[in-house]
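Taking the form predicted alone, here's one chain by itself in structure tokens.
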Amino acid sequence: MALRDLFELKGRAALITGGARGIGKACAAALAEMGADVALLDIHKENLATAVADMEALGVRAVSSLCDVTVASEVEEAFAKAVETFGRLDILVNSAGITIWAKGEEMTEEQWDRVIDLDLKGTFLCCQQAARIMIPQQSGSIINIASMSGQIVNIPQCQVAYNAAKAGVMQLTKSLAVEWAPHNIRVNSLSPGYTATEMTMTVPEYHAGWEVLIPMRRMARTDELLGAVVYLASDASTYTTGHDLVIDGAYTCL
């Protein structure tokens, strides 16, 4: 097989959480460009129709589900819809997530639960549901969007719940990689650094302070994450599992 063919995704089906915007939508578009049909899950109903149209414009089938990934019944229903549409599920990208900035001594229980539920519990529920489909297939690739925040503590913002959740995602990834390796299911995580998304663009007053700490002196563009996503989703990475791939402009090297 030619090297370029290893990255080909035609005939495969992918499901992306948080797929209506930001990193999730960019990941979905990258997989679609490589030929995969895509199912988009999100809670932002107003963005889903546009996202589906954008995927279909790339020449693949696309379907969407309004889904809260912290609710197991909604996850099960959304995954069932994807399998009913495409007949299989080969790739899962867990991109849904939030952060809440609050000092540790001031963070409310509700704020803590909201971040942990979405960023960690939601990731687990989707991994679990994917495995129930992929184990009978004896194949699959799961990509969990973690963060450099699982390794370091960001400054000046206080985001203890987010940091803890993303560290949990990284260890969850390793644990499931070991459990599901006998089923030929690969589980990896991707840890971006500061990335120019709709979310980070809402706080431009922080950018200069962040960028001075990044050796490359700038935030990432979303397209700079996509080669890694395609690699982890494709046959180019058939012996890569349990790995956390950091894309942070060398931030965590300091």
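The model shown is predicted, which means the values in this text are computed figures rather than measured ones. Each residue number is its position in the shown sequence, starting from 1.
Only in words, not in the display: the form predicted in complex with a small molecule, which the text now covers.
Of the candidate stretches 172-180, 146-154, 100-108, 81-89, only 146-154 has residues with heavy atoms within 4.5 Å of the small molecule in the predicted bound form. For the marked spot (I23, H44 and V69), a heavy atom within 4.5 Å of the small molecule in the predicted bound form is present in each of the three residues. Looking at T195, you'd find a heavy atom of it within 4.5 angstroms of the small molecule in the predicted bound form. The small molecule is not drawn, but in the predicted bound form it has a heavy atom within 4.5 Å of M199.
L118 belongs to the set of residues with a heavy atom inside 4.5 Å of the small molecule in the predicted bound form.
Remark: Q129 does not count among the residues lining the small molecule in the predicted bound form, judged by a heavy atom distance of 4.5 Å or less.
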